[in-house]
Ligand SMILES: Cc1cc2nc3c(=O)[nH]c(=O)nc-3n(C[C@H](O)[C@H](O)[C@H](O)COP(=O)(O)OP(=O)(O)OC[C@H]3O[C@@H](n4cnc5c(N)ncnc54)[C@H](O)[C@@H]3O)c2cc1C
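This document opens with one chain alone, in C-alpha cells, the form predicted alone.
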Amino acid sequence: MSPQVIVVGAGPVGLTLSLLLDRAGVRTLLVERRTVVGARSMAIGVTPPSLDTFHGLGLEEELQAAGVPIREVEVFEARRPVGTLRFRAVGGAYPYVLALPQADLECRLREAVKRAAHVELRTGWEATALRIAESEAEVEIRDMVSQRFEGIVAPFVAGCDGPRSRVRDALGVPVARKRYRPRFTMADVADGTGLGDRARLHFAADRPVESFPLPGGCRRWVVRTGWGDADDLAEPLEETIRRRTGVDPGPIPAEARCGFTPSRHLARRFHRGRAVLCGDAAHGMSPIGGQGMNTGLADAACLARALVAVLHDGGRSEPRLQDYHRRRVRSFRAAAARAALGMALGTWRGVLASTVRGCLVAALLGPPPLHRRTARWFSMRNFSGAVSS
C-alpha cells in the first residue's frame, strides 16, 4: 500500500486520526514503536464531544459498554456538601463523562484500526528521520527487532508521538514549557467504598482529594501531596483520604501509586511543510480537569478534515494546515486555561480560601442557568474548539 498519510504514534490521538482518515478512504500508514499498550493511564475521562467523534466511527456502543458513565459529581468543602454537578444539564446524546482509562480506550481503538480497510498498523517500528519536500514527505522507520530501515514516502506526515515527539524535533519546532508547583499522587485501586458510579471532589483548607469511579469495580484517587517535588504528607496516604473524605479507600499498595507534577507545553507552530503535529506532540496541559486527551482527540478530528479536504479536492495544503494551526492553538489555550484555573481553585490553601471556594462552588452549582453553564464547561460542551473547529 502506498500511503497518502503517515501517522507516527498510535496513542489515542494517532489511532483516532487514522480511523477518521480510513472512514474517508485515505490510505494511512500508522507507525508505533510500542508493541503493547501501557498498563498505566493518566487520562480517564472521555467527554461528550469526543463521544460524538466515536459515534461517527461506530464505536460509541463498545466504549459505553467498557466504561462507567459519570452523570454527577458531588462536591464537598471541609467535609460539608456544597453542591452536585449534574451533567444531565448538558443535554444531548451523552449527558455524562465516560470514565474509561486511556489504556483501555487505546486497546479498543487498536482493534478498530486492525479492522480498518485503509490503515496499515506497524507496531515495533520507530521513526528515525524525516525529510520534507515541496509536495511530499519521507519518513525513515526502523524495525526495532531486526534493525532494518525503510523509507516511506507520502504526501503528508502527522506527528502524534507524544510530548517528546521525534517528529517535532526533526522539524526543529521550539516548544514553550511551564511547570506548575502542586504535586499530586494518583492511585487506581479496587473500590470498597460503596460509592458506585459517584464521583466526588473533596476540597479543604490544606489539600484536595478527588475520587472517580473506574470500570471493573475500581476507583481512582487523586490527592495533592506536596509542592514541586516535595511530599508534605505526615501520615499514610490512606489516612489522609479517610480524614478529608470520611471514606475508607482501603489499602493502597505502593505499586498502585503514581506521583506527578502538572506541566504545560505548546509548540510554536503545528506544521511545517507537509508535516503536522497533533495531540501531545503539539501541546500538553495539566491533567486536572480532564481536558488534555479530549483536546488531542479534537485535534485529530480537525486535522482529518483538513487532510481529507486537500487530498480529495486537490487544493493547496498550506492554507488548510495554517487554518488547522490557528484553530487548534486557540482551542488549546482555552482548554489549558480551564485546566489551570480548575487546578488553582482546587489547591487554594487556608481557611479563608476554603470559605470563599465553598461559596463560589455553591453559586456555580446553584441556579439552573449557571449550573448548566458550569456543566457544559466541565463536559467541554460549550467549548467550540472541542470537535467542531
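For every residue, the number given is its place in the sequence shown, counted from 1. Worth saying up front: this structure is predicted, and the values here are computed from it rather than measured.
What comes next is about the form predicted together with the ligand, which is not displayed.
query = With the partner left out of view, is residue 19 within 4.5 angstroms of the ligand in the model of the complex by any non-hydrogen atom?
reply = No, residue 19 stays farther than 4.5 Å from the ligand in the model of the complex.
Within 4.5 Å, heavy atoms only: does residue 292 come near the ligand in the model of the complex?
Yes, residue 292 sits close enough to the ligand in the model of the complex that at least one of its heavy atoms falls within 4.5 Å.
Whether residue 102 contacts the ligand in the model of the complex should be assessed with a 4.5 Å heavy atom distance threshold; does it? Taking the distances in the model of the complex, the answer for residue 102 is yes, it comes within 4.5 Å of the ligand.
Legend entry - the ligand contact in the model of the complex: residue 127, any heavy atom under 4.5 Å: Taking the distances in the model of the complex, the answer for residue 127 is yes, it comes within 4.5 Å of the ligand.
Pick from 66, 42, 341, 334: which residue has any heavy atom within 4.5 angstroms of the ligand in the model of the complex? After the contact test, the surviving option is 42.
- Ok, 272, 118, 244, 166: which has a heavy atom sitting within 4.5 Å of the ligand in the model of the complex? Here the answer is residue option 166.
Taking the partner as it appears in the model of the complex, which of 69 to 77, 276 to 284, 201 to 209, 311 to 319 has residues with heavy atoms within 4.5 Å of the ligand? Among the candidates, contact is made by 276 to 284.
For a quick check, can you give me the residues of 5 to 36 that have a heavy atom within 4.5 Å of the ligand in the model of the complex? Sequence-ordered list: 8, 9, 10, 11, 12, 13, 14, 31, 32, 33, 34.
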